[in-house]
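Below sits a lone chain in structure tokens, taken as the form predicted on its own.
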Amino acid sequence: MKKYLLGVLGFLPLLSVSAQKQPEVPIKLPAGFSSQIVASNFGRVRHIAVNTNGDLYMKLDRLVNGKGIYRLRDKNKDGIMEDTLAFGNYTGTGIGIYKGYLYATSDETVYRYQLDTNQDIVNPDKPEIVVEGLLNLRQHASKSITFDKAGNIYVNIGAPSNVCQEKDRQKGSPGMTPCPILETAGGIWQFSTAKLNQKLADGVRYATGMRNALGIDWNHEVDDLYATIHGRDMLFQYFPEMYDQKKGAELPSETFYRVKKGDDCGWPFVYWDHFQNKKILSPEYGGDGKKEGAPNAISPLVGFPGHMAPNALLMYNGNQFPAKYKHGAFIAFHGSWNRTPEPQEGFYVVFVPMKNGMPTGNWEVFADGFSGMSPVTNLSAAKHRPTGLAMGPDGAIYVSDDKVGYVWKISYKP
């Protein structure tokens, strides 16, 4: 039975929804852009999706009132999402809408819910299982998803490891060759949306060598998969003779890739160094900070400063924003925790201008100020941490926060 919770403030005291309330911190945007809060205080909101009718779906990493998915709806089109549906008794990250279904993930399973002609969930208490039994060893366990035009769903399975050492995160422990983790994780798997109750063996390992590709999206301009990947940790802590604290804060790069079937991005054997513009052999595999490795691994389109945590990717194909944004990439950086003694970095949404599937200029910060402070010297004091991105039917984009559970709508008006 559907459980519609009308008037969120009256029925769910922990939650609030408003399009009029001003943000706790001012979001800095380019000229002509404005933001409004459309949801607040939902806790750890991870990825989000917006339906063709404007419904906002939020996947939660912690249950709120026993539910892990919240749908917000503006019934009377007055700009306030006053109608709330809560369902799903599992936590997780991934969520998306594809061909009449809402897809959502736990850390082990991909579920889906049928939508009727009114865009309502047909049976919120009984989702279908698309894929189950995916690896979940807690580290890098979240399952991001995206879809192509041909009926396939792509699922990130992060590696439960820093750099595939014999003893994970132990100084002096060598890297394993070959890396056994790559058989079941550390890549993106392709499954069919036409088949239910699939296992890992039913899918195709579409791409490998990815420590954790938390941001994935399909670029419909060129019909290819794109991904952002979290780089490894502990270069300075493990190898101070090769990396000082500043290099340990800046390296390895966080990376943005165009991914084709069969591609290898090089983890754990190499990392990307945006200063040298090279794939550098990991010290656990004999590297010295300069030696290159993995010649068959592909190179990223962009290398960002280290440890900023690119948690979501949106290839923009809307028409509301100015022409420079068409087919470009928005990336939500969750913010770092391990750049000490350098200031923590990230906590913003960046934009990469693109055409024909390739960058046409340097990346730039698009939306900033989420943390409420500059620089961020105390991670726990940051107000918000961008985590999810979605585009609405009008071409506006939405940004979620998994610190306290806000969602902003960013619009453009000349």
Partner chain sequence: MMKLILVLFCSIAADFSGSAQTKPSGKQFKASTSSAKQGLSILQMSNGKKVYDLYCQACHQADGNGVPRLNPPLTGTVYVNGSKTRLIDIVLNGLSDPIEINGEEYNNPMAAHDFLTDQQIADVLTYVRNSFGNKSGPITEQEVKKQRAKK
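Positions refer to the first chain, counted from 1. Only a predicted model underlies this, so the values are computations on that prediction, with no experimental measurement involved.
Just so it is clear, the following notes concern the form predicted together with its partner chain, a form of the same protein that is not shown.
- Residue contact check for Val122: none of its heavy atoms lie within 4.5 Å of its partner chain in the model of the complex.
- Interface residue remark: Glu345 is not counted as part of the site for its partner chain in the model of the complex, having no heavy atom within 4.5 Å.
- Mapping the unseen interface onto this chain, Trp337 counts among the residues with a heavy atom inside 4.5 Å of its partner chain in the model of the complex.
- Put simply, Pro295 is far from its partner chain in the model of the complex: not one heavy atom of it is within 4.5 Å.
- The single contact residue among Gln114, Gln320, Gln276, Gln170, judged by any heavy atom lying within 4.5 Å of its partner chain in the model of the complex, is Gln170.
- The single contact residue among Met373, Leu379, Val365, Leu63, judged by any heavy atom lying within 4.5 Å of its partner chain in the model of the complex, is Leu379.
- Residues with any non-hydrogen atom within 4.5 angstroms of its partner chain in the model of the complex fall in just one of 150 to 158, 324 to 332, 137 to 145, 189 to 197: 137 to 145.
- Heavy atoms closer than or equal to 4.5 Å to its partner chain in the model of the complex belong, across 263 to 300, to no residue whatsoever.
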